Structure formats: C-alpha cells, structure tokens
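Encoded as structure tokens, the following chain is the form predicted on its own, with no partner shown.
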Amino acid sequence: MRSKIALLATGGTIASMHSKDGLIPALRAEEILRFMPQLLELYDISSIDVFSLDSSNIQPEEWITLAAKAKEVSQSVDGIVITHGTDTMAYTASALSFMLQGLNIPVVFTGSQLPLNFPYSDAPLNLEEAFSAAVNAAAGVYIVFHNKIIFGTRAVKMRTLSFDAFDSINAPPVGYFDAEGIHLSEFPPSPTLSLPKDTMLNINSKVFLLKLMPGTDIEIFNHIKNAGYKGLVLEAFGLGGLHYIRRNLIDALKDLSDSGIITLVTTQCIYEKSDFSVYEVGHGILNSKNIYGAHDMTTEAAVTKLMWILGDKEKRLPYINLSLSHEMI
C-alpha cells in the first residue's frame, strides 16, 4: 500500500518561471507533480496550494497559515512535504518546529536553487529525497536539501548559489542520502509539553533582531521599546560580550529587561555557543531578569522560539531554556 503524502506548495524558486520582471513563483502543486511523475507512482499524493510567494515575502502571518494547514491535513496522511523558497526556509522550518510540537508525522521542507523546469535543476533530486524522508523519518520538522536531512531548528542557508545551500549548525544532520538510499541517525525524542494543543500555533511577531557592532549606541534600545517590541534577540560578540565603556550596553539592556521585554542573547559566530560566564563583559548580564542565553541555537531558531514563547508568555516562558525541538543542547 502506498504511503499517503500531502504536498503543500508555497512558491519559491522551485516553482518559479521567467517573467518580464525576472523569476516569479508560478507553478501550482499539481504542476510540480507533473514534472515528477515517478513520485505519483510511489506515493498517494494530495496536492495543496497554500500560497504562492517568493520566500522573502513569507512572514509570521504565513507561518500561521501554513502551520494550520499542516495540522489540518496531518490527520489523514503519513507525512507532509512543503515546497518553499530557500531564502527564509530556515525561519519557516524553525517556526513550524515550535508551532507543530506534538504532531506525530514528519513535516519536510525542500526547495531548490534553480527552478524545477530549468536544465540541470537541483529540484527533482531534492523532491525525491524529501518524499523519502517524509515516510521514513521520525515525527518532526526537517529541511531536506542536497542529500542532507536537517532538523528544522538547526538548518541555516550558508550559500547563495551552490546546490549545497544548507548546513546543520551545532548538530549533526539527522540523516543523508547516497547511492544506497536514505540513512537516518537516532536522536532522543523531544519532550512532551503540558500545554494545550489547540493554542500551539499562537505566536507574537513583535521580536526585534539586533546584531551588535563596535560603537552600537544605547539609544537603539529605547527605539526598540518605543516601537512596541515584546522580545529582542541580541547577537552579541563571541561568547556573549557587550561593550560597556563609553556606551554602556549592559545597563541599557538591563533597563530594557526591567520594562518587561524578554531578551535572548546569542552569538554572532555561526558555530558553537554563547556563554556569559567566561568573560567579564558577559558577567554583567548573568542572572538578570528577563535576559536569557540562547546557548547554541541558530539565530533563526532563537527568533522563532522567542516569537512562539511570547505567543503565550505566561505558560511558555518556563520552557525558554529547555530544548523543545532539538534547537539547543
């Protein structure tokens, strides 16, 4: 009996075609499958167009729409494949990793660096591997791209042109494909949360991402507060350093936290973790109210997790330092 898979199409390069203004998403889900008849022979596929957007235009409102559709169709299929543009795929996959906690099937994102109808496109192989992962992987959210299976919370787009666009950051890939087929590693299951399942899709997008540079003015924190943001992801230096000579970012950050804004402090380094305890410049924010370390999370995971936390702050804040979807060690 063939496995039942839902294909949710959202646009992106994989579905793009030429126009007078450049590449635009044009192929519908059914048209994507016409390019891939071998998939229809292997799987019982239902095709659904959720929206058709360049991924630069996919924002938190679209995450909610997409997560709701995935949750809806999950009751009648064995797995879900989502086609998506690569530029913001890591954000969407991270967001859905938190919003779809407790879903008992694999949800697999894929896309391509070249449109499906281009010669030498990487789309056909990525689609074949995504469908394979959707029936073989454990429940969870993944990105499948160029022979790699990556947790949705660990994937980062590292290259703009290469077919090998995504890396798994601070965690090994979940699996990979080679001439022998799919190979999957075992990971401990995510914790079971004592939260109401019908509210898991709630998020608050009022999160600001700030990358520090030498000389960052403390006034930026007032702008963040006055603009109505509820959360801040701060990319600090190295293990978590902030300058305090002449421009005292530590005191400014404490004032921001006293106003009730939640801050997750991560590192500008792609690999390895933030740790306030090592240097004096990080000690200044240790144990401060409403300021938390992001450990070894990617920026995409930190941003989307904080949005999810703020979606029901009172109930979810206790989980901010707990790994919910393999986003940190």
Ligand code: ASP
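In this text, residue numbers run from 1 along the sequence as written. Note that this is a predicted model, so its numbers are computed, not measured.
Below, we refer to the form predicted together with aspartic acid (ASP), which is not included among the displayed structures.
Across the proposed site, E235, T266 and G293 without exception lack any heavy atom within 4.5 Å of aspartic acid (ASP) in the model of the complex. Figure note: of the listed segments 249-257, 128-136, 82-90, 212-220, the one touching aspartic acid (ASP) in the model of the complex, with heavy atoms no more than 4.5 Å away, is 82-90.
This chain is displayed alone, yet in the model of the complex one of N170, Q101, S74, Q113 has a heavy atom within 4.5 Å of aspartic acid (ASP); that residue is Q113.
Mapping the unseen interface onto this chain, E62 falls outside it, with no heavy atom inside 4.5 Å of aspartic acid (ASP) in the model of the complex. Shown alone here, D54 lies within 4.5 Å of aspartic acid (ASP) in the model of the complex, counting heavy atoms only. Contacts of stretch 2-20 with aspartic acid (ASP) in the model of the complex, defined by any heavy atom lying within 4.5 Å, are made by G12, T13, listed in sequence order.
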